[in-house]
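The chain below stands alone, shown as structure tokens; this is the form predicted on its own.
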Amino acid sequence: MNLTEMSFDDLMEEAYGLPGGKAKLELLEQAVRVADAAGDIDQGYEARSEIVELGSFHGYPMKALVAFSWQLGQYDKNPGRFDDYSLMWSYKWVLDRITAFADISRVQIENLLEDMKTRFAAEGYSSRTYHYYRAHILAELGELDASQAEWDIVQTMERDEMSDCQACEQHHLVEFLAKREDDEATVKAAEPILKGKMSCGEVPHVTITKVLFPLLRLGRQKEADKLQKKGYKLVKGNRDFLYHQGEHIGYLTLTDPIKALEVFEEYIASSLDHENPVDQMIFNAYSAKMFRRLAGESIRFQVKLPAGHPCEHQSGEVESLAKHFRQLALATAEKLDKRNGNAYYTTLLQQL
């Protein structure tokens, strides 16, 4: 049956039966159109709730942000009509990825943080989650010292019902320490996760790549190699992990560049329409590094690129590919740095 001929209930029933991905998103977006055309706010809210979750965990963060903004507006217009807890929880998902979009200003980001703080307080929650996400956002903006100050506050406060799970919180600490380039501390903080004492839907998936480079620099390549194989299986095939798939390319570039090329070829297509600019930037940056490495090899490569790719006719010219992906990554880094008021991302890419 054509999507335009399906009822809201049929669309939602089919969507609920699908895994996260483009097909499910299309059903949910059609459900939104049906609900809006009928003026049914409750149905529109339900479908958008699913889009927020799908977008947050399957590579469509901008669609999640747009859907959430609509929900927040309806929540304010209709006090008591919608569930407080689920909306406040999804607020965190949106904030987790908000800094990836250079068009969203620092003032807007700050306003969202303060709005979340006010709403959480009104519902009786502490400010711990506010400081926790402020720490994360400041780190993403490249302000590591300011982020550390927020982490110091978080670690003095008791968890409450709005706190992320312990595995997620520990992962964010590992991620922060990796940004600070403190290899010993990064690996130590990751130990409870790596030993299986902490886990959740995305941990250790997203944590493993944070320790690969530190372990390599500490002379512990055997451990890193073993973890890379385990970690790659966990993120394989999920478009939400493009950032981490890029980090796997980066690690393999140093240890097994031919394997790195295989990983690149598997995800280059999904990277093209990915909605998270930072994830694309990291994927492109590590791909550029890989192609520079391959340019030094004596073999001639014929890279598998998707049809219609701008470099489709340069698939055997790895130096040209290195330049192309470097320029893509730098263009995003420059936009982010302009918004952030520093040179954090361009410096990061130069280090890569």
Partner chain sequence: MENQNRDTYRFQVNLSGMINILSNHLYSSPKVFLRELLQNGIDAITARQAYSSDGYEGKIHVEVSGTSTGATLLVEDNGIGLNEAEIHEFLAMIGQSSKRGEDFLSTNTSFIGRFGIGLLSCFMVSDDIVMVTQSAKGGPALEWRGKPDGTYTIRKLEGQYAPGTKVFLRCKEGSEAYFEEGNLQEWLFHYGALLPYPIQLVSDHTTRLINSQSPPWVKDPQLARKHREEVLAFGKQVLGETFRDFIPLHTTSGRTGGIAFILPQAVNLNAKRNHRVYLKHMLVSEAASNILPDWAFFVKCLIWTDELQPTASREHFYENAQLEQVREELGNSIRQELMRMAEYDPDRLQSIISLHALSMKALAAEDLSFYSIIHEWLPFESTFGRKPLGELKQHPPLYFTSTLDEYRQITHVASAQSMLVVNGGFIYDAELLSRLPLVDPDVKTERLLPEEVSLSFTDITPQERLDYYESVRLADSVLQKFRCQVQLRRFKPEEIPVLYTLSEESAQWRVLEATKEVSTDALSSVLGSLGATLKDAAYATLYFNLNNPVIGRAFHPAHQKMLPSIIEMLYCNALMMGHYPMNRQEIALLNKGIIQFIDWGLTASHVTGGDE
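None of these values were measured; they are calculated from a predicted model. Numbering follows the first chain given and starts at 1.
What follows is about the form predicted together with the partner chain, which we do not show.
Heavy atoms of residue 119 reach within 4.5 Å of the partner chain in the model of the complex, making it an interface residue. In the model of the complex, none of the heavy atoms of residue 126 sits within 4.5 Å of a heavy atom of the partner chain.
For residue 30, a non-hydrogen atom is located within 4.5 Å of the partner chain in the model of the complex, even though that partner is not displayed. Although the partner is absent here, residue 331 is not a contact residue: none of its heavy atoms lies within 4.5 angstroms of the partner chain in the model of the complex. This chain appears without its partner; in the model of the complex, the one residue of 138, 194, 72, 177 with a heavy atom within 4.5 Å of the partner chain is 72. Contact annotation: of the candidates 184, 76, 145, 152, the single residue with a non-hydrogen atom within 4.5 angstroms of the partner chain in the model of the complex is 76. The chain is drawn here without the partner chain; in the model of the complex, the stretch among 185 to 193, 242 to 250, 79 to 87, 106 to 114 whose residues come within 4.5 Å of it by any heavy atom is 106 to 114. Along 146 to 164, not one residue places a heavy atom within 4.5 Å of the partner chain in the model of the complex.
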